[in-house]
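Listed next as structure tokens is one chain, alone, in the form predicted alone.
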């Protein structure tokens, strides 16, 4: 009986502590005005006009999309993941016969390790219940086959930048997030879901929906997950 009472007390304490930590995380999100740039509650933009107003990526499904460990590190020191900004058309300037990326807005929130962990805990509660978990199967794959599919057939590098070799600059497009570090950044189940049906997550996203087989999806996500 005494053991049950102790366990019940520990459980109650843990639940209270967890609840307080999540409340602290939300309070930090609010006090840092993350919602001024990020959409925290959804839904995603339904019109192109709304997309053009977007200042930063949506976070109302952050818990489905990101890996928590990466979030904790990123919140402490935000870096530019989209070479031409969240909405590239808002940041491209024409000079002569060349299009160049103008000055990009930077995230001003650089939190302490403790605060970053609290915010990450809160963000991980923001999920899309419709996303299937466990669909990604980590397995051996042929990098050459993945590159043929993603570069030659699908031309992913027209919009995404692939990481360079041995510290060299990456190559590819600037209108979408870089693939550098994507394996550490994103939940592979979310990558699978997004590649399969991008418009489920963002109705006006400029990434086209393709008809991929499960084998092709697994190959691409295994390849992307290897980019740590």
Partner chain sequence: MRKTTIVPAVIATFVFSFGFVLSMAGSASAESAADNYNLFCVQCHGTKGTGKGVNAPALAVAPRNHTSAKDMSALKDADVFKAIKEGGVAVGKSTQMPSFASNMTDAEITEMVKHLRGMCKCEGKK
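Numbering follows the first chain given and starts at 1. Not measured: the values here are computed from a predicted model.
The form predicted in complex with its partner chain is left out here; the points below concern that form.
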item: Heavy atom within 4.5 Å of its partner chain in the predicted bound form - the one residue of 112, 94, 77, 130 that qualifies; value: 94
item: Contact residue in the predicted bound form, chosen from 27, 37, 52, 184 - any heavy atom within 4.5 Å of its partner chain; value: 52
item: Contact label in the predicted bound form: residue 175 to its partner chain, heavy atom within 4.5 Å; value: yes
item: In the predicted bound form, residue 89 touching its partner chain (heavy atom, 4.5 Å); value: yes
item: Close approach of residue 23 to its partner chain in the predicted bound form, 4.5 Å, heavy atom; value: no
item: Exercise: residue 47 in contact with its partner chain in the predicted bound form, heavy atom 4.5 Å; value: yes
item: 142, 146 and 227 each touching its partner chain in the predicted bound form (heavy atom, 4.5 Å); value: no
item: Heavy atom contact within 4.5 Å of its partner chain in the predicted bound form, the stretch among 130-138, 69-77, 154-162, 113-121; value: 154-162
item: Stretch 198-219 - residues with a heavy atom within 4.5 Å of its partner chain in the predicted bound form; value: 199, 204, 205, 206, 207, 208, 209, 210
